[in-house]
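As structure tokens, one chain now follows by itself in the form predicted on its own.
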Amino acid sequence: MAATGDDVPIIQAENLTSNVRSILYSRTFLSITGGVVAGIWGFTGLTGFIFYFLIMMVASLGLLAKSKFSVHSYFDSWSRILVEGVFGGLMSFVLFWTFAYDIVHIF
């Protein structure tokens, strides 16, 4: 990150793209892992979705801690850390949740 004479932070596009890509990869990995865990533990219905959003909340806190709570040094807005990739990962979570649940509890 560079600063101009007015102390307005400038974020380089390549760095922002790399940081957002890291968020998406980590959320996708956590969605798949969380789905398998929720399926093995036998969560059904609303309990599974609450588990997913708890995982995403912990991931957001982890990303905030990793950025030393200085979000504007690495991202252009708070929403990048808080909601980026959450609903996209939900589909992966449900897929692996139902798959793991079927393998462990039905078959």
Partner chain sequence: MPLKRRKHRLPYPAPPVSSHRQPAQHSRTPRRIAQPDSGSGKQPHREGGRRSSSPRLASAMGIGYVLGAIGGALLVHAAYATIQYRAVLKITEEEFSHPPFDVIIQLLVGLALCMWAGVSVPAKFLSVLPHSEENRIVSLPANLDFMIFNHRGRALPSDADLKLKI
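These figures come from a predicted structure and were not determined experimentally. Numbering follows the first chain given and starts at 1.
Beyond what is shown, the protein has a form predicted in complex with the partner chain; the following relates to that form.
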ask   = Do L95 and the partner chain come within 4.5 Å of each other in the predicted bound form, heavy atoms counted?
value = no
Within a 4.5 Å heavy atom cut-off, is S79 in contact with the partner chain in the predicted bound form? no
_When the contact criterion is heavy atoms within 4.5 Å, does A65 count as touching the partner chain in the predicted bound form?_
yes
message: Taking the partner chain as it sits in the predicted bound form, is F29 in contact with it (heavy atom to heavy atom, 4.5 Å or less)?
response: yes
Checked 55-78 against the partner chain in the predicted bound form; residues with a heavy atom within 4.5 Å, sequence order, are I55, V58, A59, G62, L63, A65, K66, S67, K68, H72, S73, Y74, F75
